[in-house]
Ligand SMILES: C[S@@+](CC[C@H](N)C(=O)[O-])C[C@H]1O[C@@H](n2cnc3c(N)ncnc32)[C@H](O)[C@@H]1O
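In structure tokens, one chain follows: the form predicted on its own.
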């Protein structure tokens, strides 16, 4: 996620409170941005104890300060501007509005307390508990520049002039979304049925494009990347396509993914539902569909705009925190060696030829212990690819920059540790994945260069791929 990125989570009334507590743990309470209450239906359900007409959208930021600076305001119409900005003194700089020249005095300094004399000689002091926003010298400069307004007769309390030409026009988003600008579940269903009139089974609670478009406007700009890891009926992807955002959607099941692909094809053809009219959408663009089984591929047969570029799989950083819930305060996995008939011998060690081997780059300041084969621990650093499953961790080969691989280790234990553990400056909050390793054998007479395929840091393969000839370099 980008530094000013945000996460928007839709949840119903039954689970919202529990989700809030868990999300606080993951993202930090300080990065909680707000809770949107969305009116998802306008009809009344008389059979229920209460007629549930709303859902919640929890909003978190990666960094709340950066998100606040980058998030977009909502657009305003000309009537709003005309009502806010006037030009009663015919200022050549154009329309302006006035704002208070005083602020709360909680963090004031002595230079912010003084008397201002109006053009008509009226003295003004800041109200009790407040101070002037500028010091006295700055205030005199602003008055001389015509940036302070004392009213039509020059006697009123001073106010600061804010000009339309330099203003950032827009409205701060509110947390209650309850009119037609945001759509409803019913309007989203009608949109789907209009697109696919022969659809036998429609999503019960699809999201309307209007709702998602509002989120995208606040949180992103054209060209930004949007991820929906539970794509559902594909609303986020279609709204992102129409608003010129890049997007990634993830969904399982042939029926669901086919619906999404068919819907995106209709978007490319210029379908007129949802936000099409507002966005003046006429069609165009392209997308690629990936099917992940044993290996990623692009199924061009399902796309109106096929692409021929083979994409590499995306590797995500492993989230270590859930391991604490599963394994307790000190989660670990022990490597139980299984003797198999397809293994081969190197000296007195039996090498499991078909076993997984993780190849990892070694930092420069740790190379010596791997060169002399005395290493017993390997710290992965903060990043580790989530595609490397714990139950496949078996062998380990250190990669020395500029040299390659040579020595084989066995991973005895994979556990959670912390940076500089056991040392006086240990940081318990800086979690790392730690391998307890033991030297097995030098596999090659000299270092062998290979490609580190994941972030140029890791390669996850099997030993038979590294030793193509089992008897090579015994």
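Residue numbers count along the first chain shown, from 1. Predicted, not measured: the structure shown is a model, and the values here were computed from it.
This next part talks about the form predicted in complex with the named molecule, which is not shown.
Residue heavy atoms within 4.5 Å of the named molecule in the predicted complex occur in exactly one stretch of 400-408, 266-274, 126-134, 226-234, and that stretch is 226-234. Put simply, residue 250 is close to the named molecule in the predicted complex: some heavy atom of it is within 4.5 Å. Although the partner is absent here, residue 72 lies well away from the named molecule in the predicted complex, with no heavy atom inside 4.5 Å. For the chain shown alone, residue 256 is a contact residue for the named molecule in the predicted complex, at least one non-hydrogen atom being within 4.5 angstroms.
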